[in-house]
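Only one chain comes next, encoded as structure tokens, the form predicted on its own.
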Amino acid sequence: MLPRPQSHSAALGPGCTGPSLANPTPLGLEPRPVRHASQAPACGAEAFVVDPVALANGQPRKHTQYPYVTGTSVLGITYKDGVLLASDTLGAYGSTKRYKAFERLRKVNDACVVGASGELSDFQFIMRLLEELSDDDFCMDDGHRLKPAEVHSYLTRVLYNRRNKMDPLWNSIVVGGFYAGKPFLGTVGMIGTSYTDAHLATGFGNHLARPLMREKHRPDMSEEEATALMHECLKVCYYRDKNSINRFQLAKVTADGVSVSEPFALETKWGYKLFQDPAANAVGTW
């Protein structure tokens, strides 16, 4: 006799239960009083953990319905021989600079790197999805791998799918890569909006860094020029964004592969006159 299909209650959520919990016991096959769904899994086994919230309103457990630990801007620019991405390493708990060594630039394969701002646990979930795809490519061992444009398209579908479920992943993603002799740079928003450009930024970087990029970026820039521009943009973001710290990483994608730098700090200057008295021209501040 085949056991009943394994299922889960709203309190348990998705996942796997052990064999003893998946198969009904003799007592589980006998008639029993009707109880709340979160206390009676369809497999007939006893629930081994119950979420009090699920007992109260019958709703499934919810995670990251609002961002708590977040990262700020991610910047990206293309240049003659590749792509540069940059971000700081801060995970902010509200206004608290809680985690100062969180790497928000991650390698997908030898042709692609992604960076994310927004909820960091959602970014970890996205990276698990990408790692599964990369593992599949490795196991196939046929010489093929995900192209940067394919990673960008895949993330667009993932974020749009979650948006349609009214359970979005609270991230803005930047995808950078180099394939077939051409740089690729694209972004995906938390509701699935996406586009590609020669330079990109998320968060406050859209307002602070992109004006500099529009002014100084050129398609034929050398790596040294692109790095200098990126450092200038990072400084401006650090000066003006309270959820940024002076600890950055730079990711480079070229025909030779992907490299992510060790964290570094930039030399800053706080002796500007307007920095010394920022409220001088702002009526009503103190």
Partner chain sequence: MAASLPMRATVPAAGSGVKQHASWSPYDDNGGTVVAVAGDDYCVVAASTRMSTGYSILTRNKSKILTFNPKCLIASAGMQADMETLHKVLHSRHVTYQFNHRRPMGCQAMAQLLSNTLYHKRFFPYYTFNLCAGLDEQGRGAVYTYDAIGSYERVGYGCQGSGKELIQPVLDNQLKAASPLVLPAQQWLSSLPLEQAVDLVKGAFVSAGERDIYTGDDVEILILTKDGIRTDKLELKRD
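Source: prediction; values computed, not measured. Numbering follows the first chain given and starts at 1.
Although it is not shown, the form predicted together with the partner chain is what the next lines describe.
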item	value
Residue 157, heavy atom within 4.5 angstroms of the partner chain in the model of the complex	yes
Contact test in the model of the complex: residue 208 vs the partner chain, heavy atoms, 4.5 Å	no
In the model of the complex, residue 65 touching the partner chain (heavy atom, 4.5 Å)	yes
Residue contact check: residue 163 to the partner chain in the model of the complex, 4.5 Å heavy atom	yes
In the model of the complex, the residue from 132, 103, 197, 110 that sits within 4.5 Å of the partner chain by heavy atoms	197
Per-stretch contact check against the partner chain in the model of the complex, the hit in 113 to 121, 85 to 93, 134 to 142, 149 to 157 (non-hydrogen atom, 4.5 angstroms)	149 to 157
Residues within 4.5 Å of the partner chain in the model of the complex, restricted to 178 to 196 and counted by heavy atom	190, 191, 192, 193, 194, 195, 196
